[in-house]
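Only one chain is given next, in structure tokens, and it is the form predicted on its own.
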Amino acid sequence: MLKYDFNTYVDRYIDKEEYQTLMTKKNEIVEKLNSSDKNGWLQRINPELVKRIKQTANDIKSHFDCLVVIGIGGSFLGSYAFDKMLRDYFQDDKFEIIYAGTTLSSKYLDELLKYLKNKNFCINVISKSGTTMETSIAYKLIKDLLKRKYTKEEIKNHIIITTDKEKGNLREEVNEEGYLSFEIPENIGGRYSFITPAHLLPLAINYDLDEIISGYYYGKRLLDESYQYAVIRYLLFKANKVVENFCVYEENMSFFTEWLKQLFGETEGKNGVGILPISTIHTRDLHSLGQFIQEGNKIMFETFIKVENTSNYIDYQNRNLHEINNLVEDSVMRAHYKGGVPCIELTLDEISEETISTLIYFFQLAAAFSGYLFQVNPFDQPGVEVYKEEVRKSLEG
């Protein structure tokens, strides 16, 4: 399902003695994770909750034209990235899901409200705190549209809220208005919340939830490989490779790399340490950033995510185009390695509900281990609050 190459294009950059020392600390770091109060994403999801999610997803499909998911960051990136990877590029026939609350663009929100005006839609507001600015603004604007279209009693059937179990503005609203609601567990932070209703409800509308959950927990078997990946990344950082470029060769994987950037950026980027996550989509970006990667400042290493098989086969001059795409990927790794850029390769059998979910669990484990290797808390993000405080001051001023 998932294969790894941590050696071929990395080996000469790794201090072998330090590598062995860090590998002996695996059990110690695993114990830190197991004893954390934010490790709920390691635990099995309640089967009754899964049934409730499936039923709600079926109800949405039966009664509405589309679902509007309102959230930002860890409240939307997981399901959005997953959905993008499994949708067709053109003429997609899946149930329509629209994402809002990710921007303050008046153009986007104005056009969205006009689009929804004649749609029979419902909304799923996702925010643990209930105070996230972008989410709150989008929710108010879209709820005002619902108020113009429906009675107060009817609106109850159009709003689903996913938030903290006990506290926050949204939980208070659920208690007052009687909206259908789901919980984000206290022991799971936003960027680790894939296995919660925040992501599983939107995904259950179009995808096999059992396959998603099965693939996710298959990732438990990859603990050793996740830790090895975290150690190699850490040692590359110590070798002054302070930027990690996530490389994919399918355009529809672009938002998966956005999810990776949040996962590693928020997990590691504290106390003046951490690896800067960036991403490139190949072969497109080989014609823009390729020059810098090949011959520029050697501050970077790369993690390539390869897809071995596809059901979309095109013959080109007696060669399979997907094979050509993968041949290019192999060639790029060799070229960049020769240019002084270490390259890690992860290979999926195919893009499916199971394989993507497994990959998500693998990366979540690796990010948590990496946080401990950097000696930072993997589950907080205090720096995110700094800009919010400045915005509050500006609005009040």
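Sequential numbering from 1, following the sequence displayed. Only a predicted model underlies this, so the values are computations on that prediction, with no experimental measurement involved.
Form predicted together with a small molecule: not shown, discussed below.
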Out of 347 to 355, 48 to 56, 66 to 74, 27 to 35, where are the residues with a heavy atom within 4.5 Å of the small molecule in the predicted bound form? 66 to 74
Test of understanding: in the predicted bound form, would Pro277 fall inside 4.5 Å of the small molecule by heavy atoms? no
Under a 4.5 Å heavy atom criterion, is Gly190 part of the interface with the small molecule in the predicted bound form? yes
Close approach of Lys128 to the small molecule in the predicted bound form, 4.5 Å, heavy atom: yes
Counting only non-hydrogen atoms and a 4.5 angstroms cut-off, does Gln262 reach the small molecule in the predicted bound form? yes
Checking Asn124, Thr303, Thr132, Ser226 against the small molecule in the predicted bound form, the residue with a non-hydrogen atom inside 4.5 angstroms turns out to be Thr132
